[in-house]
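First comes one chain, alone, set out as structure tokens in the form predicted alone.
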């Protein structure tokens, strides 16, 4: 049985200073990869980490992306884990907010990929993994730009996979379910809201950042060399559940 060993591989992780992004950096490093964390704020990454280095970068700045990665010589793995969210009712949603979300969640994914494609090592299987969201499959009031940007990311995964397969590069995605991060603190920090939400998850709990490391390592390893264009849900079964499975008592009624 093969084990996941990324020794000698170089991985670039956008959003590596975020909670999920840094967990992914740590997972890749523990598997042996040398990791470069790209983010506008890299304070979460220890400066003396043996396997993880940092590269400050504003991912909403397309020109800045090209400039920032010019000194990266060779890579094997690209993980786009950057993501932002702005929530508001449709009647109050401003164009500036829409653009801010799309710039980071979708536009930067494409242009970071474009900038780094020449750095993928020829003759070795390359891996690109975009961190999407189950929000691309489900509706959430107020998350108009976020859900639309993640839906666009899913489409980009499928499209890039068809073009880059000839170059030996697999392009896949991970769609995390509701994960305990600062972005969802208003949900999991409220006991009643948290119980109600977890009642909709077959595995009975919200995800921790560490729950997404295993799927990531699979998609970055030789175990997935014949897998491309796929979006792997890491959601405890949330997107598979039937409505009658939900614990309505925990949700506050049987209506």
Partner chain sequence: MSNILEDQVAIITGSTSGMGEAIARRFAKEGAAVVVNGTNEDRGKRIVEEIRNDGGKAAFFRADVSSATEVEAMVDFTVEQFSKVTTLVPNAGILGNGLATEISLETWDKTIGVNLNGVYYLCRYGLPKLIEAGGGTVVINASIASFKSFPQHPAYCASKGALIPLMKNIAQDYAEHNIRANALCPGPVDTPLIWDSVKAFPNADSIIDETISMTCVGRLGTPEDVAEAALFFASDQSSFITGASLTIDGGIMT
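Because the structure is a prediction, the values reported are computed rather than measured. Positions refer to the first chain, counted from 1.
There is also a form predicted in complex with its partner chain; it is not shown, and the following applies to it.
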- Item | 4.5 angstroms heavy atom contact with its partner chain in the predicted complex for residue 135 | no
- Could you tell me if residue 34 has a non-hydrogen atom within 4.5 Å of its partner chain in the predicted complex? no
- Applying a 4.5 Å heavy atom distance criterion, does residue 165 contact its partner chain in the predicted complex? yes
- Do residue 158 and its partner chain share at least one heavy atom pair within 4.5 Å in the predicted complex? yes
- Note on the structure: Partner-free chain; cross-checking its partner chain in the predicted complex, the single residue of 66, 51, 44, 205 with a heavy atom within 4.5 Å is 205
- Note on the structure: Answer among 213-221, 184-192, 22-30, 51-59 for heavy atoms within 4.5 Å of its partner chain in the predicted complex: the stretch 213-221
